[in-house]
Each structure stands twice: as structure tokens, then as C-alpha cells.
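Shown next as C-alpha cells: one chain only, the form predicted on its own.
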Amino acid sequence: MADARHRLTYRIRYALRHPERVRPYLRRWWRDLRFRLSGKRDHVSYYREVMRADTARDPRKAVGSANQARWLALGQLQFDYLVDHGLRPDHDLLEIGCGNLRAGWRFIDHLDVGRYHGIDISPDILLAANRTVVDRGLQAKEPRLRLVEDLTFDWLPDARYDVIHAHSVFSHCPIEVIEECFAHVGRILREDGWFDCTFNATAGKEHHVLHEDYYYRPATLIALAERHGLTAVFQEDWEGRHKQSKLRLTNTAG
């Protein structure tokens, strides 16, 4: 049934089973309509407005956490996975879509001074990230947070990072944004570095829900990575830990 989300019949049955979710869906539908009628059709402008509205209500919910306990648990999950896979304090890490540092504050605490860089397209959520740094007392670690409008990484030097991390970013991106990232991320990744990214996986038709949630077949993203000189491996040991799936990308030449 998960692969039929794009079908109207599925949505009707889902609404009948979960009537409490109808109102939030209609609120998102109305927001999608308003944003598009106001001319915010490019992804960055559109999603900045989504994040602005969600952050105003609750920064934790804006990054997909229903409450503080869930915010902490999801951050711990991401942190533990990367550390178990070899993230060291002397590594340089770039977090794409750092949000309000749900996982980022743990990375900052783990890494040596100045090793954490976080980027996001939303100025509102980056202000919340600044507050997280203060609340967690991490100023001495000198994390770098940057507002961006694309994923070309053109301000960065070659081979800058050991680890690049993007959790619940591509689940909200149309394919052209993912391709932009794949076209440029290899340049800033060190020879033995890796790039982990999660996405909503489907075995059926690729689709989106209200231009906010996107579903892709793993093979589509793996082939896209290969076209840009990257090797993408489906992370089987991530399955079951989170509703999204995960790919690990490395430079093919490396």
C-alpha cells in the first residue's frame, strides 16, 4: 500500500482510517495552493516559506519531530550511525539541511573545534540552530552555520570534507535539486570520504505529496549518482531504524 500513496483511492481510504490527520493535510494543501498562487514556484523560495511557517509554530516540528523526546531520539539515531561507521573527532563534517541542529549539536560536541559545518536554505531554522548552540553551551566548538540558496557548494574548496550528511533533505526535494547536489558534491568530498543521504523509497511510481514529500526508487538515485562520477550503495543496515532509506555515496575514482 505504501507504493500507492499517489492514488486518490489510497488517500480517501487513508483519510477514513485516520480522520484526525485530515485537517493537517488540508492545511498543507491550502498552504501549497497559496504559495504557488503567490509565485513561489522554484523549490528554494517555496520551501523557505514552508520552513518559515513551520518554524514559527515549533522548530522541532519543522524538522520532523513531534516533541522534544522525538527530537532527541532522532538526533541520537543519526549520530550513533555515523560514529559507528567511523566518524572521528578529527574529521571535517558538512551537514546539508542542518535544521535546528537536531543531530548537529551532537556532531559539534563530538568533533574537534571548527570541524562542523552546517548549511540550510531556511534563515528561520538557522536562527533556531544558533539558539541550539547557545542552549547546549557549544560556542567554544566554533560551529559554522551558513545560509545557502542552492547545492552547488561553489564557495568551498576542493576535497574539503571527510563526511557529508543529509538526513531528511532529499525526501523534500524534486529530482533536479538532488541532481544538482550529485553534480557538485564529489568535488568537495575527500578521496576516502563518504556522503550519507536519506530519502523516501518507493518500489512503485515516483511521486510527490503537495510538493513537500518526494518518493523515489533507489535505482533512480543510484543511476543518477553514477552519471556524476559517484558510487552509491544502499545501506541495508539502516533499514528498520527509520522510515526513510539511506544511500552512501563515494567518489568512484577514489
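Position 1 is the first residue in the sequence shown; the rest follow in order. Small disclaimer: the values here were computed from a predicted structure and weren't measured.
One more form of this protein, predicted together with a small molecule, exists but is not displayed; see below.
- The stretch in contact with the small molecule in the predicted bound form, judged by heavy atoms within 4.5 Å, is 98-106, chosen from 129-137, 98-106, 84-92, 155-163.
- Taking His43, Arg187, Arg217, His208 one by one, only a single residue has any non-hydrogen atom within 4.5 Å of the small molecule in the predicted bound form, and it is His43.
- For the marked spot (Gln78, Ser168 and Val177), a heavy atom within 4.5 Å of the small molecule in the predicted bound form is present in each of the three residues.
- Proximity of Ala225 to the small molecule in the predicted bound form falls outside the 4.5 Å heavy atom cutoff.
- The small molecule is not shown here, and in the predicted bound form it never comes within 4.5 Å of any heavy atom of Cys197.
- Interface membership of His172, defined by any non-hydrogen atom within 4.5 Å of the small molecule in the predicted bound form, is confirmed.
- Residue contact check for Leu111: none of its heavy atoms lie within 4.5 Å of the small molecule in the predicted bound form.
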